[in-house]
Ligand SMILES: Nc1ncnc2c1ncn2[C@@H]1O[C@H](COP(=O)(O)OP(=O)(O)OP(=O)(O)O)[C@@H](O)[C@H]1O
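Single chain ahead, written as structure tokens, the form predicted alone.
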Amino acid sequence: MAGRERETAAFEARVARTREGQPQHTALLGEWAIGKTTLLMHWRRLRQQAGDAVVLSMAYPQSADEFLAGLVTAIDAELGTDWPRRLDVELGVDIGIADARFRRTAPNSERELRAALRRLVEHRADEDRSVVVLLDDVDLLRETGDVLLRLRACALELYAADLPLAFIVAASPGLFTEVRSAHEPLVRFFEPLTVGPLDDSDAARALAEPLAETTVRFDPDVVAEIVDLAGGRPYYLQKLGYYTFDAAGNGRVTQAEFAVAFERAFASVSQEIFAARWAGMSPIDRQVVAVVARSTEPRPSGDIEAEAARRGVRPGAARQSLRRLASKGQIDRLANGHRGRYEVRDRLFKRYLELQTCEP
């Protein structure tokens, strides 16, 4: 959690105001691999240790009703209730691993959610404790704006009944631009809290402090290279640090050991993140991102569109692709007039793209 003191202090202050009867809801916004999920887990532990009721639920590409029904299940688990509801059991086998999932039919998921939240808040009302609901990756939902508006309606109803709670939703920076017409009321309700990359000193501290409790040491040039490759993204630091630690010989990691560790870490990140990102791109997006990834410095959109045109992509389509890729955090846009310049700052993702789009 190195370098996340500011965000954690802001979260704690908002929870305190909620406990005082002034609910303050949060949209935790940040790019991929920036540590949003880790922050939510950390905040969950902090509030549980303080005796608060904390619910954590993950979003998937699912409908609004499916997501809300799953949230009701998570709330019931926090309450420890045994509901006499009919459960549909799905048994599936995926790569030899049995997976059991429970589905609850919900004729009115929003009404059930309001009832479940009311029970949870009332359960803690006499204990002077907070009720915090953490929702991760909400922008993966097919109807993100609808879900956020329904959460807002539930919270306002509880607030009117003097039963406050705090919602914390985590998503990419483009969350509110994607919900369009619902933008203004949601921004006012879910106050944005942006989490950015760690600076180099915090990134180095994130590596050094855990190592201090072990007999393993990384050479200074290895630490510097990990920090540079991670680009301030805690997820990359975790992956690179883990595989580097695992490669230690005689309690020390030199550049020779790190070279092997890097390939393993890169393969792991590629499989867990990059492959899905690449698979989700349209053919046009793949052509455009290939042009951007091969650039050694930020390029004006006009230059990118001209090169993409030589690949058969029309300028208008390339322009739309650049905007789409930037909104998803797959490329970076630098302000430079109306058109802007683009690059891929993420060194690991850039390497992956270069491997995917290399020409014979």
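Heads up: residue numbers just count along the shown sequence, starting at 1. Because the structure is predicted, anything quoted here is derived from the model rather than measured.
Keep in mind the form predicted in complex with the named molecule is missing from the figure; the text below concerns it.
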- request: Indicate whether E31 is a 4.5 Å heavy atom neighbour of the named molecule in the predicted complex.
  value: yes
field: the named molecule contact in the predicted complex: V227, any heavy atom under 4.5 Å
entry: no
task: Would you please decide whether L135 lies within 4.5 angstroms of the named molecule in the predicted complex, comparing each non-hydrogen atom pair?
output: no
message: With a cut-off of 4.5 Å between heavy atoms, is Q238 one of the residues that contacts the named molecule in the predicted complex?
response: yes
- request: Have a look at S57, S63, S295, T38 for me and say which one sits with a heavy atom within 4.5 Å of the named molecule in the predicted complex.
  value: T38
message: Going by heavy atom distances of 4.5 angstroms or less, which of L113, L141, V223, A206 would be at the interface with the named molecule in the predicted complex?
response: A206
- prompt: the named molecule isn't shown here, but in the predicted complex, which of 146-154, 283-291, 198-206, 261-269 has heavy atoms within 4.5 Å of it?
  reply: 198-206
field: Neighbours of the named molecule in the predicted complex among 1-21 [non-hydrogen atom within 4.5 angstroms]
entry: M1, A2, R4
